[in-house]
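First comes one chain, alone, set out as structure tokens in the form predicted on its own.
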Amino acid sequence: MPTTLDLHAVLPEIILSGTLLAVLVVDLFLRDERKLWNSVIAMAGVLGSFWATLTLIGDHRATFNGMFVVDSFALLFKLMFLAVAALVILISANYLDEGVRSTQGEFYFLLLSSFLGMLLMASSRDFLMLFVALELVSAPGFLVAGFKKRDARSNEAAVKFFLFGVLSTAVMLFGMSLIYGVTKSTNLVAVGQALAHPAARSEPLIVASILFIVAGFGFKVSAVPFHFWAPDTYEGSPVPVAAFLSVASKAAGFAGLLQLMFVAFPHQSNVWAPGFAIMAVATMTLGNIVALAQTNIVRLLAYSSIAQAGYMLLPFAVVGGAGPAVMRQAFAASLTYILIYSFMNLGAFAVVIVVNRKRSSNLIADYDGLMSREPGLTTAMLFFLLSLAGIPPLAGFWAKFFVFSAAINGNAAWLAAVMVLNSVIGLYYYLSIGARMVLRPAEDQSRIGVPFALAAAIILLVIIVVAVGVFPDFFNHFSPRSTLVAL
């Protein structure tokens, strides 16, 4: 691996770092009524970083002694993170300008800092880099979760997120230190080679270390039983922050988990795959069942997000002792699901932000008769909900189809059956929201009004959800080519 700094390899991170510093400095000179310019600067930096990432396509680079790698896996995640960053800025702009105008600079500084951690996470091939990237993702999240400083629920959300986050970090770091003690390396590839010896495949210390690491990342992706923080944190946070946590933060956790399990610990798959099977079933089942009882739309989407994490974890469960072909398909299925989920879930939260401008309670009852007031907004919400439910031919159907196929080809038909059953449960509460919007009368017939930035974001997300449903092969073309599974 090269020992010199490759500036081109880290150009997206350099641009984003410069942008977040620019936001922090420029904000000092902006009056409250001009704070919206922070979103313009942030968007420009994200687009610049996106362009820099595009210039790396086709390259394979490594720097910092192999700790930072640019390959197809890293580039795919970086492009997704930056696209989500741009959309989060769009859906946040009016919310902040109408609510917490004076602190917009701090918000965008923290948001971009977290996305910087996500870009680093995608390229991390070393325990040290993974840890630094994960903390850079998480630490700003603790602060933005409590951004409504005078709201007790927002303070509670931030404290719960922080306490659970610190605990999970300690557990994960302990597991990483044990792996280093056994292998004398923090490089993921070197760790995988050291653990390839038959004697190491079921060593109790190694198995315990993997368990600690998975527990730490289980918190990041809100998998059962590490999900307790998510519903309260989502409900108490500003709605754009809940959208950010449910999409980008979760995807960053999966980016790290994919690298660990398929690069550092593939030879222990017969040990950790059954654990992932239990975790996937528990996560999707609990998330869907508890979502049925929710009356708050943000809490419902929080439990929906937990259930969706279960579907993403399912491919990890089918690779125990499997060959490279099955592992590659499982890896691609999980990656495809993460990408598709990010856009359809972000779309649902974007609609919630619009309704929140009129009804801040975020009750599901607020959506009664929405079709008669905002037909375009209601149609978009129906697209997102039906996609999350997996109704063909929308994007969510293909996400579930690829995971289902991976389970069948991995000889785990029982997992595929559990997934189908949970999809039916999910369909019920997604359709119940749709029925309220279309069939129930509205108490308030006044229009809500959709600001331009929010309207643009929602239209873009609808186009993505529909386009993926119509051209699934094009979208799924990238995941198999971004695998980290060795042939």
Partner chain sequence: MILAATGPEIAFWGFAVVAGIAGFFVVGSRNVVHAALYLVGVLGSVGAIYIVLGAEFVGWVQILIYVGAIVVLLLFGIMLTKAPIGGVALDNNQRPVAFIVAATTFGGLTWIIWRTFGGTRIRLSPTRTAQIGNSLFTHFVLPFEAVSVLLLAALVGAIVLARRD
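Residue numbers count along the first chain shown, from 1. Computed from a prediction, not measured in an experiment: that's the story for all the values here.
Only in words, not in the display: the form predicted in complex with the partner chain, which the text now covers.
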query: Whether Pro198, Trp229 and Val281 all lie within 4.5 angstroms of the partner chain in the predicted bound form by heavy atom; finding: no
query: Phe161, Tyr367, Trp272, Phe109 - the one with a heavy atom within 4.5 Å of the partner chain in the predicted bound form; finding: Phe109
query: The partner chain: the contacting residue among Ala442, Met67, Ala455, Met419 in the predicted bound form [heavy atom, 4.5 Å]; finding: Met67
query: Partner-proximal stretch of 113 to 121, 298 to 306, 372 to 380, 246 to 254 relative to the partner chain in the predicted bound form, 4.5 angstroms, heavy atom; finding: 113 to 121
query: Partner proximity in the predicted bound form: Ile464 to the partner chain, non-hydrogen atom cutoff 4.5 Å; finding: no
query: is_contact(Val166, the partner chain) in the predicted bound form, heavy atom dist at most 4.5 Å; finding: no
query: Any non-hydrogen atom of Gly146 within 4.5 angstroms of the partner chain in the predicted bound form; finding: yes
query: 4.5 Å heavy atom contact, Met129 and the partner chain in the predicted bound form; finding: yes
query: Sequence-ordered list of residues in 135 to 151 near the partner chain in the predicted bound form, where near means a heavy atom within 4.5 Å; finding: Glu135, Leu136, Ala139, Pro140, Leu143, Gly146, Phe147, Lys149, Arg150
